[in-house]
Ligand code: ADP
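The chain below stands alone and is given in structure tokens; this is the form predicted alone.
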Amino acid sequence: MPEAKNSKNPMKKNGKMGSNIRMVAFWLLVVLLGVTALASFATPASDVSEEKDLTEILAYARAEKLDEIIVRGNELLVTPREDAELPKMVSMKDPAGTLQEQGFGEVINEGKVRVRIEEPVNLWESILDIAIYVVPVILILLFFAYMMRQAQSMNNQSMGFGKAKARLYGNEKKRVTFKDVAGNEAAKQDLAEIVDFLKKPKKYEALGAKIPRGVLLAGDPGTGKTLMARAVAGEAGVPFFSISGSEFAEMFVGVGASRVRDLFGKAKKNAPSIIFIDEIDAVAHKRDARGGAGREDEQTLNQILVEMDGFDNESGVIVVAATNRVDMLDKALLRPGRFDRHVNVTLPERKDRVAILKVHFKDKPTESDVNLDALAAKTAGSSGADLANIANEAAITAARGGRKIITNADVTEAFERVAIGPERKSKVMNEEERKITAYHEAGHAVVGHVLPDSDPVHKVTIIPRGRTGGVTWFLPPEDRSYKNIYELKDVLARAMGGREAEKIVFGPDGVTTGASSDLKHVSELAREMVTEEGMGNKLRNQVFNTSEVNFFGDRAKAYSEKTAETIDVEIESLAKEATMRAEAVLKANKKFLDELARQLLEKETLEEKEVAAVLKGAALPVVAKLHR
């Protein structure tokens, strides 16, 4: 059963939010109550029992029965003497005049009564004065409470940093087995032996055989490495821990190594078991002088090395790892005793592509004329993921057209959409652009048709697709693992066919930017032939690697400047030769070029048989032949 995901509970989240709101409300209430209380203390109490007129108060003052008169704005607070036997009095009838005008001057001057003048008390000003001192204190207390809560939360999280995030798979209802993996029979055979080791260990122990410690799945992206690992999990029937290489990485030093220990600890407790590390190159790349023992990624790698082949090498745990960059992995990881087996998961061959397409079209309703064999022939060099995408796009195309069954046209459209891009129906070309595109694509087709070592023309169209204004397809009749120098030179020449056709028809100044991708392809292929395949004229059988990295992390040339100049000359020579051959073929077959362009302008798309019918009789001129 898959390990449950650590999803957050919305009820808990809402409860925590409500708790925070209640805490803030409580402290605000405390502040308000405190300010109100302090304001009440700051306001002097007026113990008033009777209200008198000013004339009466003046008479009491002359009779020396008053102790003090407090003037507060327009209000008079009068305090009688203790022996006067008078109630405490207040006068609210003070007119705008002063006390002197009311006759109080003489009694004041004679010292018969004291007069004290006070500013009137404003409740809100008192509250504001108190709040200036109280609120900052409350805010500081709230800040420290918040920081303590955050520190506690971070402490709780840090306790989980060192835990591995691997998913545990076991007896799922829908398991993937080797029957669900089409093609790559050699890879499945190697993995089937690992499964047999786990199921029947005594059979191998009786002969003194030791179970392999690790299996490295290497191959291009999309070839099915992860699917193979899932099939191992489905076949083995043992606990299967799956994790990505990037999940070991963390900003805190030592966390990756801790997660490795935790992962292998869990696997050993459930032994025999399998650990699957996807994209292992994320944490196991080569160590060099730029790094050091303190780097997080190197600590993680060192821990993996120790766990796979340390003193405790009888753990019963097999490590299966997948990568598409074996060249980046550290040598210590690739030696026997760690990854004992290296399984190459290659791009599927034609028969494998047929089997893969049948798997992906199995649950899709298709017409009887859908030819998966023909589709497999057209998809040379495609990965299993590419083929799955074609099957899915075919279903989408049929649904978009309102059909309940997938037709052969849907499959063809899906293939072309995945290979180059969708048709740009909104792209409207004027007649001049259509004519240029027609001659450009016809130039590719004529040169490719005539050259003896070129792949056959499969289809030509001037309908814009993806980033292109038109497309000419060349498909090999069968899968080939190698190409010779003559085939590559024919590829260069047919790539130059479009630019040379424009030059012949529209003049040297009539060439357009439509050949930019062709020119880029010629430059890249010519450089690869010279520097990586040893196919230069002067530099024959020599390889010049430019992927070495120096101490500073920059790519360094492993050859001199003089050799670099020679390489440039060789590349230029190959490009000039390709241009000359394309020009010679097109000039010798000008009438075929014109006819093919005319039919493209009329029909927009020509299939393989139509192209062959138009170009029947086109010949290769002697000047374009290669000396063998």
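Numbers follow the displayed sequence, beginning with 1. Predicted, not measured: the structure shown is a model, and the values here were computed from it.
What follows is about the form predicted together with adenosine-5'-diphosphate (ADP), which we do not show.
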Residue within 4.5 Å of adenosine-5'-diphosphate (ADP) in the predicted complex by heavy atom, from 222, 476, 316, 201, is 222
Interface check vs adenosine-5'-diphosphate (ADP) in the predicted complex: of 356, 445, 274, 530, the one with a heavy atom inside 4.5 Å is 356
Counting only non-hydrogen atoms, the one stretch of 450-458, 435-443, 484-492, 178-186 within 4.5 angstroms of adenosine-5'-diphosphate (ADP) in the predicted complex is 178-186
Although the partner isn't part of this model, could you tell me whether residue 360 comes within 4.5 Å of adenosine-5'-diphosphate (ADP) in the predicted complex, counting any heavy atom of the residue? yes
In the predicted complex, residue 408 touching adenosine-5'-diphosphate (ADP) (heavy atom, 4.5 Å): no
| Is residue 256 close enough to touch adenosine-5'-diphosphate (ADP) in the predicted complex, meaning at least one heavy atom pair within 4.5 Å? | no
### Message
Please determine whether residue 384 contacts adenosine-5'-diphosphate (ADP) in the predicted complex, using a 4.5 Å cut-off between heavy atoms.
### Response
yes
